[in-house]
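Before any questions on binding or motion, here is one chain by itself as structure tokens, the form predicted alone.
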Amino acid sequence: MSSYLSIPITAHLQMEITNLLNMEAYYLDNGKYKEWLDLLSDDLTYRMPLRETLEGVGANNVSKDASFFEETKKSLTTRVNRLYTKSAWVENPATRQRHFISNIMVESTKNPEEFKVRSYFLFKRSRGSTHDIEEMFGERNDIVRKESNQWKIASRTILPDQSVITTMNMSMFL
């Protein structure tokens, strides 16, 4: 039993947080990476742990000690700034991508300014003139915080459903 009073998740609150995630997807899909950075808290943690293949129903198959990446806002800013240079050859020509976000669930936390947000994602990307379409899908666990009257993503843990990533690279943001 929790010892704090949970804040009710109103339809308005749910809509505000859903709008934040939809705006994020729009920015990423349209190459507005600097605008995307503005949606992130300065103390952001952004990680994608490995999925492991384990036997047994209900086994925790998320690695606790290995990840595809663990980033901060500063490291993401470095990656974004590089995209605006000619040395980001993997994005030249730019990829075409879509982030489909669904099943958004919001829960209160002990901090009345922060909410735990779980969502499912489907990421699709094509590049150049090939017929190949890359995709990833899974779940995202976020902490969303109100800062200066604006919603920001304070933490994101990305849980891909694939244990073997089949995308050509990991240059995308999920």
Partner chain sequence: MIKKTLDEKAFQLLKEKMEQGLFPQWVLTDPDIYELEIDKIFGHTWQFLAHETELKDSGSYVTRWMVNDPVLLVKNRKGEIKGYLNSCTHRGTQLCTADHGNKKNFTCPYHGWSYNLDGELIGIVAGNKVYGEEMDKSEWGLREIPQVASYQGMIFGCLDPVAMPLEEYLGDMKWYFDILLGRSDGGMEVRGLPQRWVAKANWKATAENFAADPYHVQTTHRSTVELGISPEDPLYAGYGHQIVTENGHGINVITSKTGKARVPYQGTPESMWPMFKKNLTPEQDEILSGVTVFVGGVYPNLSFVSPIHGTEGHLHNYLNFRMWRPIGPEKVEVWCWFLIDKAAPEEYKEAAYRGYLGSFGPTGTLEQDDTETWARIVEVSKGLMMRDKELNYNNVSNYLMGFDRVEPDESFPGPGIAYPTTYLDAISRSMHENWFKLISKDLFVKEAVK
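Numbering follows the first chain given and starts at 1. Please read all numbers here as calculations on a predicted model, not as lab measurements.
The next section is about a form of this same protein that is not shown, the form predicted in complex with its partner chain.
Exercise for review: May I ask you to choose, among Glu70, Asp38, Glu135, Asp43, the residue with a heavy atom within 4.5 Å of its partner chain in the model of the complex?
Suggested key: Among Glu70, Asp38, Glu135, Asp43, a heavy atom within 4.5 Å of its partner chain in the model of the complex occurs only for Glu70.
Review point. Within a 4.5 Å heavy atom cut-off, is Leu54 in contact with its partner chain in the model of the complex?
Key: Within the cut-off, so yes.
Point to revise | is_contact(Leu50, its partner chain) in the model of the complex, heavy atom dist at most 4.5 Å | key: Yes, contact at 4.5 Å.
Exercise for review: Give a yes or no for Ala11: in the model of the complex, does one of its heavy atoms lie within 4.5 Å of a heavy atom belonging to its partner chain?
Suggested key: Although its partner chain is absent here, Ala11 would stay clear of it in the model of the complex, with no heavy atoms inside 4.5 Å.
Check your understanding: in the model of the complex, does His99 have a heavy atom within 4.5 Å of its partner chain?
Key -> Flag for His99 set to no.
**Study point:** Interface segment, criterion being heavy atoms within 4.5 Å of its partner chain in the model of the complex, picked from 143-151, 23-31, 124-132, 107-115
**Key:** Selected range: 124-132.
Exercise for review: Within 4.5 Å of its partner chain in the model of the complex, which residues of 136-174 have a heavy atom? Give them in sequence order, or say none.
Suggested key: Read in sequence order, the residues that approach its partner chain (within 4.5 Å, in the model of the complex) are Ser163, Val164, Ile165, Thr166, Thr167, Met168, Asn169, Met170, Ser171.
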